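Quick setup: one chain, the form predicted on its own, written in structure tokens, and binding and motion questions come after.
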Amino acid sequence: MNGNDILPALPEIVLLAGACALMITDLFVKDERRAVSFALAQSVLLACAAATTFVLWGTGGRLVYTFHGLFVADVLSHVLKLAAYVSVAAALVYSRRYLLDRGLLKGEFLTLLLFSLLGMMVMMSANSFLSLYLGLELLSLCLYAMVALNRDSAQSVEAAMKYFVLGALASGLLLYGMSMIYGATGTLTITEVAKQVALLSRDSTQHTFLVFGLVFLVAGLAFKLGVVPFHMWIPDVYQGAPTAVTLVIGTAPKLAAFAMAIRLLVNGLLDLAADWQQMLAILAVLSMAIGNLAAIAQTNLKRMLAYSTIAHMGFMLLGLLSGVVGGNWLNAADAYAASMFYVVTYVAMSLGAFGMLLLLSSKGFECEQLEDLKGLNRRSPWTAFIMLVLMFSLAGVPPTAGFYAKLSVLSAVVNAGQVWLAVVAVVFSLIGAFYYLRIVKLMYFDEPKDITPVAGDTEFRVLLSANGMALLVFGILPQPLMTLCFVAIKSL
């Protein structure tokens, strides 16, 4: 193996070396604020971004396979990795004061966060069931440990146990599905699986066997996305984990789950699209229904955002199931690009929403209840405005990025001839708007429980403001990001 074979995996190598260096360095850091460790973690992310850009420039955006076909570098993987770096870097800034106040800002959190990012990156560049599963397990094991980071909290430990048990079950389903597909095709490489499936799907017996394995694959994938009926872990884990960890779980891993869906379903099993699209349609409708309806009944903000996540992931699935309908491929790139735009936008919205909870939390106080947002406009008008933008974007109100994301997905669904699905999605979006606008009402029209001005580090407030403004900018000028998503999907 020469240097050209290793070059596509340069970002992963840089991250692995950086995470190991951070783990060793933190042993000698005595400062409780972990300034050195924190700076090193951010530097590693910056180095990874530079390495990814270098690889993208060096390969000219071409498809490059390495490690005997286990690993692929393409525009899709590069774009998703860059989005993941931004998400994790923002999570570090948002989480710092919260973790410091609770004595949780330790090398363990920083190291686990970087190793979880490594798992995401492996998933994004996986071209084999083997590498995809290894990346998924690395990500999952890190997240289990992070949920239980606050060992003194019975709620956090309980959430970690639930997450671990259900995650193990989902991994088993996914692995079983992969083994059945392997048994039918005789290969673990996703591109080779696609060739074999194209041949085998013409035989009715083989087709039935493939669909049986596909059911388990979709079940495992649905768990990682957190869609109904594999959503049981999300509300409890979101509420039980420290808010800083909830922010991590609700953001960057969604990018990896989207990459996993694209690699498995679009790259590998596109000739079975008629079968998995029916499954995704059921999952999408159920997720939008239960997610939005259950969120209305929540008084805990983290649980409300958990059910909101379920609804949004259901909406994202609409783009995936609208790509190839009845053998027509003309809509495929637009539909998958719309789905990618949606998940990137959702990560930005989720970052801002959980970042706001972290900003409003303080030592000895958790901003978790709806009533904690009462009268926020009187305490800090700018903070309330940013929260308003975030809620409008999550609800899909123009001119925010959330509106354009929903519009692009609905357009793809209608172009695929599935008007009934678009109607269902619009109805549940209108229902979901209620609980987002309820927060706006609490901030602007209710009396505050506490008149203390909102405190926060300058870098935190600046980043949160930029987060909110980005959603407005991409709502008014969405084309650059949408074009980038389209180019990434076309690279497949």
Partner chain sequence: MVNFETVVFYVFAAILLGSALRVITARNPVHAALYLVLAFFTAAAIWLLLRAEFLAITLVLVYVGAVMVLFLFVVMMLDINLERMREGFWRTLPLGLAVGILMAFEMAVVLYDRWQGLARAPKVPAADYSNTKELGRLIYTEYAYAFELAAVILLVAIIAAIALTLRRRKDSRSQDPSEQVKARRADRVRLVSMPADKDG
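For the two forms, the rigid core is made up of the largest set of C-alpha atoms that agree within 1.5 Å on superposition. Residue numbers count along the first chain shown, from 1. Quick caveat, the model's predicted, so the values are computed rather than measured.
Absent from the display: the form predicted together with the partner chain. The rest refers to it.
Which is the contacting stretch out of 267 to 275, 241 to 249, 341 to 349, 111 to 119, given heavy atoms within 4.5 Å of the partner chain in the model of the complex? Careful reading of the contacts points to 111 to 119.
Since only the chain is shown here, I'm wondering whether Gln206 would be in contact with the partner chain in the model of the complex (any heavy atom pair within 4.5 Å). Yes, Gln206 lies within 4.5 Å of the partner chain in the model of the complex.
Please check if Phe71 has a heavy atom lying within 4.5 Å of any heavy atom of the partner chain in the model of the complex. Flag for Phe71 set to yes.
Met260 near the partner chain in the model of the complex, any heavy atom under 4.5 Å? Met260 lies outside the contact set for the partner chain.
Is Phe365 one of the residues lying within 4.5 Å of the partner chain in the model of the complex, judged by heavy atom distances? It does not: once the partner chain is placed as it appears in the model of the complex, Phe365 has no heavy atom within 4.5 Å of it.
When you measure heavy atoms, are Ala289, Ala306 and Ala405 every one within 4.5 angstroms of the partner chain in the model of the complex? None of them does, since no heavy atom lies within 4.5 Å of the partner.
Option touching the partner chain, based on a heavy atom within 4.5 Å in the model of the complex, out of Leu200, Leu134, Ala219, Val86: Among Leu200, Leu134, Ala219, Val86, a heavy atom within 4.5 Å of the partner chain in the model of the complex occurs only for Leu134.
Which residue, Leu280, Leu410, Ala295, Leu149, is the contact with the partner chain in the model of the complex, using a 4.5 Å heavy atom cutoff? Contact with the partner chain in the model of the complex is made by Leu149 alone.
Using a 4.5 Å cut-off on heavy atoms, which residues of 124 to 148 contact the partner chain in the model of the complex? Residues within 4.5 Å: Leu130, Ser131, Leu134, Glu137, Leu138, Leu141, Cys142, Ala145, Ala148.
Rigid core fit then Asp31 CA moved by 2 Å or more between the shown form and the other one: Yes; that C-alpha moves by at least 2 Å between the shown form and the other one.
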